[in-house]
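Listed next as structure tokens is one chain, alone, in the form predicted on its own.
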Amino acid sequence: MEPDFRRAMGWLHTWSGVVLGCILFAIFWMGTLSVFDIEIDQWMKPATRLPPAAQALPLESFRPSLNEAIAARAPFWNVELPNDRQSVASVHYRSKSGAVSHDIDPVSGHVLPDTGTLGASGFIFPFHYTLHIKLMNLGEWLVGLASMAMLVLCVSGVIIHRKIFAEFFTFRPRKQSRRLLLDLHNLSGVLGLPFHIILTFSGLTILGATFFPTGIKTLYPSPRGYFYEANSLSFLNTKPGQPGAPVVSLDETFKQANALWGGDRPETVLVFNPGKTTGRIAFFRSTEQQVVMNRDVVAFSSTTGELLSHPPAPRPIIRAQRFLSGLHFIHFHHWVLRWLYFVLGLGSCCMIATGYLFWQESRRARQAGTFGFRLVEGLSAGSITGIIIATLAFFISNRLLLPGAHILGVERAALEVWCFYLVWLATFLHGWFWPRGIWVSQSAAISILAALAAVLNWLTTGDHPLHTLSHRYLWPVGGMDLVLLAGSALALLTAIRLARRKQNATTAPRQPAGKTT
């Protein structure tokens, strides 16, 4: 216990950040990249870099893929239709051998070549909220614990920083390392404080069924009932049915949904229990023009085309939950706000990183060489610069691995993931066993790898920034390359500045014995 409340909050702020900062940085880093997950997918899947179609494909053009799902006895089949963020359509279903996904040419309707990658939507986005730890939902629980710590950090940070308004305008880049780190920490924390709180709270709300199941168990006989109501999926509550039933025309059923919506288009078409007597066809209305993830769904019998359900407006509590989900997922299409989320997400990463580094610099003179200090030093290196290096290695492996590549039975998509984790592990080991100059060397590595990723994209696809910026449908690819090059330049400047500071610190004359400053 500290002698006063403010010091107690300072202790809580410090140790919440030190203990869970490594997880928090990974969550916010991957969440920031997920703001542009579809655009990163286009960079990682060159076959999908196609101009949008002048006219939408008939839904029946996806019938061959649906027939494949029926033959594989898949429990569901769905197609995500093109929009202003992606020009291709994507079909998904699950067979006995695992998940199957195909990208569809928006003009011809043909299946595009499979690059063999999970991309950002298949790896980076799930990492953001599960850490890819599936055992007993341990990943989600760790994310929830770190999110609660983030709320604690926000509240305690406001309490311990009494001059919070003045700190908003205070930045002294030429001061000593500790002062510079603290200024950066305060500035990024104060500037993005509403963003930190709203995004963290909404994330906890989205995973509320995992973290707070008691209330759901009180109101619903099973968690599935809550899931159906929250997502307007009551039509899924049906028996398995008998196989061999036909699936009616997707276009004909869509005409009915289109009439109910007043002409709006769907973003997703789902066929549940395809080819069975209890099959369902559902159309999910596009919500790209609003913040609320409205989940307006129209469901039909897949065997007769009869309208089965068109849920009424949700209850206020469900609508509030969908509003928070919309804020978190940025499901709406607004490029200015999307870039604002990206910049504020990077600011969150900066706040976490500078807090970690300030803790080290304030204790280096007294604790350097101790086990605890070395442990935190290695954790901070791996969790800050290390995960950035690993992400860049993930992108580079995507450009270097040949289509269809496999090693020791490991397929190409898994090889990219293995590359990420092995490089990430190497950065932790680097921080633990060779801490001298760790920040200079890893910042230099970020600079080299980021530039290399952009150059490899040019060499392997021919889509250099000047070419991509001259074609509107290639802007996401050009934007990715420009962000990589900007990040490379920033990391290089950081490495140079850190090297100079280190050199100045080692060459500075020592004070004579008995003298003080």
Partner chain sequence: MAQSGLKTTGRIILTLGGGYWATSASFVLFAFLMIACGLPRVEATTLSMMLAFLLYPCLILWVFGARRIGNPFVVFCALIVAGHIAPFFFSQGH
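Numbering follows the first chain given and starts at 1. Not measured: the values here are computed from a predicted model.
Just so it is clear, the following notes concern the form predicted in complex with its partner chain, a form of the same protein that is not shown.
In the predicted bound form, its partner chain sits within 4.5 Å of a heavy atom of A209. In the predicted bound form, I317 approaches its partner chain with a heavy atom inside 4.5 Å.
Its partner chain is not shown here, but in the predicted bound form it comes within 4.5 Å of a heavy atom of L12. Its partner chain is not shown here, and in the predicted bound form it never comes within 4.5 Å of any heavy atom of D183. If you check its partner chain in the predicted bound form, you find no heavy atom from any of I446, A454 and R500 within 4.5 Å. In plain terms, the part of the chain that comes close to its partner chain in the predicted bound form, with a heavy atom within 4.5 Å, is 227 to 235 out of 406 to 414, 227 to 235, 292 to 300, 78 to 86.
The contact residue chosen from L204, V376, V247, V440 relative to its partner chain in the predicted bound form is L204, the criterion being a non-hydrogen atom within 4.5 angstroms.
Put simply, of T354, T115, Q321, T287 only one has a heavy atom within 4.5 Å of its partner chain in the predicted bound form, and it is Q321. Contact residues in stretch 45 to 66 (any heavy atom within 4.5 Å of its partner chain, taken in the predicted bound form) are absent; none meets the cut-off.
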